[in-house]
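One chain follows as C-alpha cells, the form predicted on its own.
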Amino acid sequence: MQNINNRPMRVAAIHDLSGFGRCSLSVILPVLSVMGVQVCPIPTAVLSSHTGGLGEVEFRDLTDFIQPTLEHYKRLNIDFECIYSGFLGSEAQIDHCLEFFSTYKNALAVVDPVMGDHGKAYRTYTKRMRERMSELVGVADLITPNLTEASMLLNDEYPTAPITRTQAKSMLVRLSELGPKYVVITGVSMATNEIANIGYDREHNSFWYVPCDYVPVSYPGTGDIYASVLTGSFLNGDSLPMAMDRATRFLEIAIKTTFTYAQDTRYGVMLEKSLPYLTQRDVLNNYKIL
C-alpha cells in the first residue's frame, strides 16, 4: 500500500537481531516487506542465534545505537507510519523506545511486550523491567502479549486452566485500560476446548477471537511473526478481526508446513516456503465474536 507521498508505509522496528533461528528482525523484515511495508530495523542487540537451546550465543549489546539513530532520523526529517517495539534488554532501551514513540506521535504505536512464556518470565526480565514495560504499553495503540505476558502486565496469577469467554473479555478490557486502543492476546486455551487468539477494539467495544488448529510442536519466533503480520495488516487497512485472522492463518500455514518436514524445532518455522500467502489479499471470515 502506498501513502500520499507515493512511497511504501515505513515501520521503525526496534528489536534484536538473531542471525540464526528465524525470530525477531530476521522474520520481521521479510514478513513486512512482502506485505508492501518498508522496515527500518533498529537493532537493540545482535546475536549469533536465538537463545533457545542452540548453545553458547555470541551477543553484542546495541543500546547506545538506538538514541543516536533517532537523532539522525530527526535530522533527515524521516517520517514513519508505525513504531514497533519488541524484546528489550534493559531499562535504558525502554527509555529509548518511549522517545521514539513521543517523537512520532501520529505513527501507529505497536508494542509486543516480550517478557515470558509458558507461565514464566524470561530470566532477563526483572521486576523493575516488568513495571517499566507498563509505561510502553501505556503509550501503545496496539499490544500483542501472550497469555503469560498479559498476566504479568495485569499482576495476575498465570491461569493454568482454560479460560472462559467472560474471563477473556475481562483480561482484554483491563489491558486496554492500561492505555492501548487494541489488545490482542495470543495462544489462549479456551474453556470451549479451542486454542484461540483473542482481541478487543476499545473504540467500538467489540471482542473477537480466531480459533487456531492445534499442532503438537512449538517453534521460536512465532510471536514475532504474528505481531508483524498483524501490524502489516493494520497498515494495509484491515480491521482488527481481519488482521487477527490474516496473522493467524499465516502462522498456521507456516507451522503446519514446517511440521510436515520434521525440521528441528530450534530452527524456527520454514518462513521462506510460506511467505507467498502474504501477497494475497483474500477476503477473510474465520474471525468470530467473542
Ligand code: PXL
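Please read these numbers as outputs of a predicted model, since none were measured by experiment. The numbering used is simple: start at 1 and walk along the sequence shown.
Below, we turn to the form predicted together with the named molecule, even though it does not appear here.
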With the named molecule left out of view, which of Ser33, Thr51, Gln263, Thr63 would have a heavy atom within 4.5 Å of it in the model of the complex? Thr51
So which of Tyr182, Phe87, Phe207, Phe100 gets a non-hydrogen atom within 4.5 Å of the named molecule in the model of the complex? Phe87
Pick from 22-30, 63-71, 244-252, 231-239: which stretch has a heavy atom within 4.5 Å of the named molecule in the model of the complex? 22-30
Does at least one non-hydrogen atom of Tyr122 fall within 4.5 angstroms of the named molecule in the model of the complex? yes
With a 4.5 Å heavy atom cut-off, would you call Gly221 a contact of the named molecule in the model of the complex? yes
Answer yes if any heavy atom of Val114 is within 4.5 Å of a heavy atom of the named molecule in the model of the complex; otherwise answer no. yes
Is the gap between Val37 and the named molecule in the model of the complex 4.5 Å or less for some heavy atom pair? no
